[in-house]
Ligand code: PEP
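Encoded as structure tokens, the following chain is the form predicted alone, with no partner shown.
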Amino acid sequence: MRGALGGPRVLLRRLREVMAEPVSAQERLDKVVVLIAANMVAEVCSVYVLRVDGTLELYATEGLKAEAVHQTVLRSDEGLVGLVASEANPINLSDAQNHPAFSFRPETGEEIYNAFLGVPILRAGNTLGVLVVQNRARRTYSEEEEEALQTTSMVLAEMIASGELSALARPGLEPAVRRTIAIKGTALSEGIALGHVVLHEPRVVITNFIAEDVPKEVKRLEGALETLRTDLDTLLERGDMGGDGEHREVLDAYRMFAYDRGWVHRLEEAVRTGLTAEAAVERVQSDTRARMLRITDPYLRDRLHDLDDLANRLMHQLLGKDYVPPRERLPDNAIVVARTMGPAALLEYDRKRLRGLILEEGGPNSHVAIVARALGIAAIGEVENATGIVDSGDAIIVDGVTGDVHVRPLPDMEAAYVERVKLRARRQQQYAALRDRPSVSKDGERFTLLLNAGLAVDLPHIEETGAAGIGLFRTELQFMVAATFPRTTEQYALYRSVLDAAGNRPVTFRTLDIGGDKVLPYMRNVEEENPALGWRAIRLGLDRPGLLRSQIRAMLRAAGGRELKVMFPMVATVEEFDQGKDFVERELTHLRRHGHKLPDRVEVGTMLEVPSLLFQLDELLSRVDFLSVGSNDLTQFFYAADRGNMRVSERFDPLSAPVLRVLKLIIDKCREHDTPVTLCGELGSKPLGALALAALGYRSLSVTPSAIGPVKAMLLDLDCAKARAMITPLIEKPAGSVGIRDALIAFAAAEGLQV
């Protein structure tokens, strides 16, 4: 490099000294551009900062006209500076004025300069500004000089991100790093939450960018890379990761990134420019993220997550920090932001402080979305680059009704949402006023509205909502939040407390539904190519009879002197139900023999989630005491569409003729066999879905606590006979010939129903 003052390492050291001086932000920035220009033997060095209005403002310069500072403003797509910002890539030209993107701004005096090198100022892949050097002579800046300028831009990125430059800006034209951002996602769980960001996997805060001993930093990087690779090799060699399959290919591809010479070379080069090892990882990943966010190919975009994960692990390794963040230090009104998350991870957070959830991935029917609804928190998925556009502590609004996210909202926006929260609270008061009213339709049809629950903290909702009982108690949630396997006595205590809270109202306990994306932290996770179709739920219970029998024993003991309803999840054959029911009989015999007080009555049923049961309904209904329709999984398996995969989960409508025909078949068969049936999927938790179910003949629905009020309000105003007359001819028509959802919405509007 042609640096007259000792190259990039000397420059970084001097920059550190300047950053520590007790001077104003403008003085510090002016000194920075002088230092860079002198070090790079450049006649011009300029800093452009991206503003909240999307334009680029000249904040400091050495070489251009001083009066242009804070006066020259470029559109984000204007000139070479705009090109650098919009593409997030360096531009290195020997004859800049002949480039088609060159924009002549006479107030700057830059028309006499030919050589141009501009680099984006990046942080977490987001462009905060542009750093430029120029010379009169026609020359191409060397690769080393380009590297040096990119390295230097990191220091400026932190200066901009700190908010220090905001004091120099005119109101409404502040640096974009702290700008208000409005972004659209997919609503997962209704509700409105105002709070502050908590990153599920917090970014490492780098405090030392400048290396004191470059060879030592290279060794630190090499050591961290070696540890990372060893950990990945160990993961791949574990016994439960054996066998070929897609999971193996994914992990092999992931490991290849850790061994990729190009990635490692960029890391090493960044260190050799004078950065610490962790700062080098941050710089390389920020550059990579900025480029990959502009790629439309979904496969390549998915690889960005792999690189992000590797970079995060590597930085945690370098700084000796745990990769898994602590959950116990949540602020009040916490809004958790994550790339993706399983249901167990969400349950680790303090529910008293957790208000909302934002995910880059995850669909409305994913298990984490269902848990979010059960927790009563607003949640939004499919928010692009969510973890990159926020910082921990940022003010944020989550609108789980519309799918809107507002980051660092303006006071007017915040005030408007406060009013919306008050309006929702008033609406909830209206629903609360219906609490003691019987759920009887306008034409006299009686409905039973039950709750879906899963933890002890859900129990107060029974009284609050006036629910007729619990139609689905998800017993696996107790296992997912526990650090170790819950003992039979702990299970007994929970089931007893649930029955106590319900009083005389019925409770239906579903046996463990684990597997798939519901993984217990203390059980060895078996990797499967299709986990949703694999070793889970009743299949796992029948293969681990000790697990299932201990749970059934705890339920039977807890229900001594009362009625008990037990059902099995994901039953695919009547033989599986028979085996599960046999366990209940054996445990009753065991308790009887040992003198325990038995339940007054035990009813055993099953979830209908697997389409194979549709062709065994007569045999099944002659055996079960009751049936529960799990519309989420039934629809997923019916259409062979993973409900957690947004590319396909929204492709098929549960309010379509094929699904409604199946649901009508089930209700008709249950009536024929005089078997009680409840629908406990998410379909019944939406007033529009409940309208369709009522029209088909369903009279028992188990829904999320927040849905009791809206669903009951709709049912009270519904004429079921009219609804049945409307929907019957629609589902009998050829599939695809009519939009049933639109017809239901039109019917609701005509009848004055709130859906």
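Sequential numbering from 1, following the sequence displayed. Keep in mind the model is a prediction, meaning the values are calculated, not measured.
Same protein, other form: the form predicted in complex with the named molecule, not shown, and the subject of what follows.
Stretch 624 to 632 is the answer when you ask which of 276 to 284, 92 to 100, 624 to 632, 580 to 588 has residues with heavy atoms within 4.5 Å of the named molecule in the predicted bound form. Residue in contact with the named molecule in the predicted bound form (any heavy atom within 4.5 Å), chosen from R474, K565, R123, R289: R474. Contact annotation: of the candidates L449, A176, C680, V677, the single residue with a non-hydrogen atom within 4.5 angstroms of the named molecule in the predicted bound form is C680.
Contact annotation for R643: at least one heavy atom lies within 4.5 Å of the named molecule in the predicted bound form. Put simply, R510 is close to the named molecule in the predicted bound form: some heavy atom of it is within 4.5 Å.
When the named molecule is considered in the predicted bound form, L156 lies well away from it, no heavy atom lying within 4.5 Å. The named molecule in the predicted bound form comes within 4.5 Å of a heavy atom belonging to E609.
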